[in-house]
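This document starts with one chain, in the form predicted on its own, laid out as structure tokens.
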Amino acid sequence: MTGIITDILPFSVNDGPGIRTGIFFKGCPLSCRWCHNPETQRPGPQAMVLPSRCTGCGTCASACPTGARGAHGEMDSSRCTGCGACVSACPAKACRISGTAMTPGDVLARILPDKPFFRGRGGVTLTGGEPMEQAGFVLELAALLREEGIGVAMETSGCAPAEAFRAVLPYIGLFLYDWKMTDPEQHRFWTGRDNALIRKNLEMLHDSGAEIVLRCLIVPGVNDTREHFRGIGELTQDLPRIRRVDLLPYHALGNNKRTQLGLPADGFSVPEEETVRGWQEELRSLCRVPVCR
């Protein structure tokens, strides 16, 4: 079995307890307009261009069999098949492929050198993209990690079949569960899907005894509303096993990756610190659990 992995990053301290290694899966059922990892949305490999290295020589355009590359290094992601022809041809090494096929054993071999740093508290966090788009791979990898005594957390959108979550549940010590929008129609407008399945899976995991941290990315002008904040608070009241709420203010770092993919900037604004403090105070007044940043 192989999976498509975009990156493996050690020494993360923001995606679960302790020191962690993040495994970034490719593919996502949602198409959030503010996505911080836009290179993980499509399921297959795709090319990215580093503008700081590109000389505009046009070699990549001559090599590309689908016309995804322009004469001056431009990228049309909709045409890219991830074949890697531009990577091989580029004399400036300005092109790279996002998404590598790996077996669970390959991933484990990359992680084992990090194991001494976990010290029984840290571990691995499966993220993306959406790990559950590759649920069979996740199941096999999580079983290997358990055999090695490495704890596993998963950041998930919750948008996957319930039976897939039930299968991996025994191997996942903590779910970092995204809650993007309370209103179903607004959720569909901004992400491409409503949140009915997401809410249902959250309730199922909760009732099955899973450890859950609710992760709430707040984007100015999108979901920074009283209704959404009230909805987050009600979730913490209805589902008492939720450990805490992580408030994640929107940041614009994903726009650099969008440039590399040939996509326009997402158009959202980074909130002021005073605004974020106001969000946190409001959520603290509504939630039964701690609200952390």
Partner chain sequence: MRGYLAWDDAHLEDSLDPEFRYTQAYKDSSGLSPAARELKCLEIFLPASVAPPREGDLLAGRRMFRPLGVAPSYWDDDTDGLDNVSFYADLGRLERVMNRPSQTPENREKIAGLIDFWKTENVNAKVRAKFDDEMKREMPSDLWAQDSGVIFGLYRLVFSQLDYDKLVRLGLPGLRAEVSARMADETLSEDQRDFLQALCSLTDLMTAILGLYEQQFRRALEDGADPARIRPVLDSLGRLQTGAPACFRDALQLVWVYSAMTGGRDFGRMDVYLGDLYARDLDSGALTEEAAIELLLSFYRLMKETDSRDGRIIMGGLGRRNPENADRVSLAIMKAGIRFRELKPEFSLRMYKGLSEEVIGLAMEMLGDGMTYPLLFNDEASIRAVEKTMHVSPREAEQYGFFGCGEYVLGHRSIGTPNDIINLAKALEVTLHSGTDPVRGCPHGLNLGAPESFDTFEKLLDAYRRQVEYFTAIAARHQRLVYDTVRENGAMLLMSLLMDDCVERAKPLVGGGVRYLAGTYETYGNTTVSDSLLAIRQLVYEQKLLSLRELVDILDADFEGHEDLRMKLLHCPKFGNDDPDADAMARAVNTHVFETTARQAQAQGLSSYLVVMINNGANVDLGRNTLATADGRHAYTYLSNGNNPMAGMDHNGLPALLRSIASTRMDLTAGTAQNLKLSADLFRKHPDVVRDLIDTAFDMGILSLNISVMDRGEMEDAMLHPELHQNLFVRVGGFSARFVTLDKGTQADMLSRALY
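Numbering follows the first chain given and starts at 1. If you're wondering where the values come from, they're calculated on a predicted model, not measured in any experiment.
Keep in mind that the form predicted together with the partner chain is not shown, yet the notes after this line are about it.
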Taking 4.5 angstroms as the heavy atom distance cut-off, pick the stretch from 199-207, 155-163, 114-122, 134-142 that is near the partner chain in the predicted complex. 114-122
From the list K93, R79, R188, H72, which entry has a heavy atom within 4.5 Å of the partner chain in the predicted complex? K93
Looking at R53, R230, H251, R243 here, can you tell me which has any non-hydrogen atom within 4.5 angstroms of the partner chain in the predicted complex? R53
Tell me, yes or no, whether V13 is in contact with the partner chain in the predicted complex, where a contact means a heavy atom of each within 4.5 Å. yes
I19, heavy atom within 4.5 angstroms of the partner chain in the predicted complex: yes
Would you give me the residues of 260-293 that have any heavy atom within 4.5 Å of the partner chain in the predicted complex, in order from first to last? R293
